[in-house]
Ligand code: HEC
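One chain comes next, on its own, written out as structure tokens in the form predicted on its own.
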């Protein structure tokens, strides 16, 4: 049993550590949590192997044999010393792992100097995420957007809220997630360390459209982050833009807002199946109706689809000029 247990434990630990349990290491917190997970695996595999080895050996050695059906086992008395040992050792192991976990938790939540940290609001609503950059970040007016952009190697503190039910703000590549709870503001911080684009998902079942409650986070250099902030203060559609310019801007908005992930629209090359096929339902529809479908999607629901699937926040997250451009594009694209 000892030999089998040692060999199986060694093989199990090697295999457990060889598996890539986490996505890309894209934040300082990711590596620390991944290391904690490896420590838990190293501690857990031998315990699992010990229990299985003893159970299998007992089944083989002490199983009932033919002719023993009516026999009772010999009277035995518990081994007090053994019982103390197998109670104390697991307790000490759990205490050690809890202590290490607490140290990691304190480390990943440690706040940097206030001037070095960005503070960004995260708002969940069936079924979309919106992100708010306060005035101290933008250097001007508060910015609310559906796109999350972060500078690399800079701590970010998220303040997470929800308008309706419980959601869960999760960036798998950051290895951090936390519930958005009605009536509360929850917080966590990350420091992105890798440039790239990563998915943002809801990790709490929140309704019929839960599977499409997705966004993305772009991690960029500080200079690019500042350029992006400056661009957000520039109107997406210039005042007095002509029809062709409006349509072109509307097509960009359709893509940047991720509309193609839910809707099929031939002109945009999208094939989403969550929402209605726009080539069919918008054909011949006037601009006023298209605008209503965007800002109040539950006012009139297409046959075969339920209420509450499409976010109702576009009237707040898109400016009037952006809505006009999006409506113009959808009208033109579905003629």
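Positions refer to the first chain, counted from 1. Every value quoted in this text rests on a predicted model; they were computed, and no experiment measured them.
There is also a form predicted in complex with the ligand; it is not shown, and the following applies to it.
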* To do: Consider the chain as shown here, without its partner, and state which of 108, 148, 259, 176 has a heavy atom within 4.5 Å of the ligand in the predicted complex.
  => 259
* One residue of 284, 306, 269, 67 in contact with the ligand, assessed in the predicted complex (non-hydrogen atom, 4.5 angstroms) -> 306
* Asked: Taking the shortest heavy atom distance, is residue 278 within 4.5 Å of the ligand in the predicted complex?
  -> yes
* Asked: How about residue 310: is it within 4.5 Å of the ligand in the predicted complex, going by heavy atoms?
  -> yes
* How about residue 158: is it within 4.5 Å of the ligand in the predicted complex, going by heavy atoms? -> no
* Asked: Would residue 297 show up as a contact with the ligand in the predicted complex if we use heavy atoms at 4.5 Å?
  -> yes
* Candidate stretches 298-306, 42-50, 57-65, 27-35 - the one whose heavy atoms come within 4.5 Å of the ligand in the predicted complex -> 298-306
* the ligand in the predicted complex: within 4.5 Å of a heavy atom of each of 120, 166 and 203? -> no
